[in-house]
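Single chain ahead, written as structure tokens, the form predicted on its own.
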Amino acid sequence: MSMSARIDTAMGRAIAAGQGNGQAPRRLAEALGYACTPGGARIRPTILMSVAAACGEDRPALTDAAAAALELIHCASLVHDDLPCFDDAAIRRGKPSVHRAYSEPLAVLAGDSLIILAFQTLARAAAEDPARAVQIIDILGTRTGMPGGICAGQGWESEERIDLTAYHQAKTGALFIAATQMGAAAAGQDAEPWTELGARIGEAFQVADDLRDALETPESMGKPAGQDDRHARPSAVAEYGLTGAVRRLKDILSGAIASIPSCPGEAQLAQMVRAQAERLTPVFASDSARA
């Protein structure tokens, strides 16, 4: 089975469990599935599985559960980010955001339910290797909450003075760090050496997202554009300018490849990181001249 198929299967199984087989409130159950589909690039679980494979994966069921749990947290964060109290975004992935499609109260409940479901998914797979599962749960909790998880990332937006590096690492980098660390842990390897790779990939994705927000349209992005400027949020474009942000993105991606720890699948993993770099950078190659 391909990596993409594994992710889709694991996500489908987790969402079905969360929907309660017809026993849950119908509209809330529908909102869970709506929030997770279409799935976009599923880049975080792809990175997680790629790291697990590179480390010599030997518990595929645990890897699958970890990948689904991570993606569930990501989807939950998007539901909450789009709420009127944050971005008040009307669209997400080319369709109405969850609060527009199902109401604000159901969007709050859907996001909360997805977070809980993520940890239930890991708990249900813990019999595969209890010690590894506990470590994975701890990593996901650390990178979701406080002091340096995605909750902290959202919290930085309410501060008068913002540390851009800490903001980017928490808001976007946290789940990429989770991806690399959880992948290593699922394969029975030490998670700590994988922190830098996740942090670098996460920062690259945030810089790329800042550039997209500044340069693209809602139609091309599948979500609102110009949000950083509209909400006076910190961004790489505001900090470095367009040309500087593009340069920063390329530097980060080069460093990401160099930071891959030694492992049996190091070459294949480097190829995956290069593919992601190519996916991020072409959009901005001609735009840097606009600065």
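This is a predicted model, so every value here is computed, not measured. Don't overthink the numbering: it's just position in the shown sequence, from 1.
There is another form of this protein, the form predicted in complex with a further copy of the same chain, and it is not shown here; the text below is about that form.
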Options 149-157, 178-186, 208-216, 194-202; stretch whose heavy atom lies within 4.5 Å of a further copy of the same chain in the predicted complex: 149-157
Quick one: is Q23 in contact with a further copy of the same chain in the predicted complex, heavy atoms, 4.5 Å cut-off? yes
For A89, is any heavy atom within 4.5 Å of a further copy of the same chain in the predicted complex, or not? no
Give a yes or no for S113: in the predicted complex, does one of its heavy atoms lie within 4.5 Å of a heavy atom belonging to a further copy of the same chain? yes
Q19, heavy atom within 4.5 angstroms of a further copy of the same chain in the predicted complex: yes
In the predicted complex, residues of 99-118 near a further copy of the same chain [heavy atom within 4.5 Å]: E104, P105, L106, V108, L109, D112, S113, I115, I116
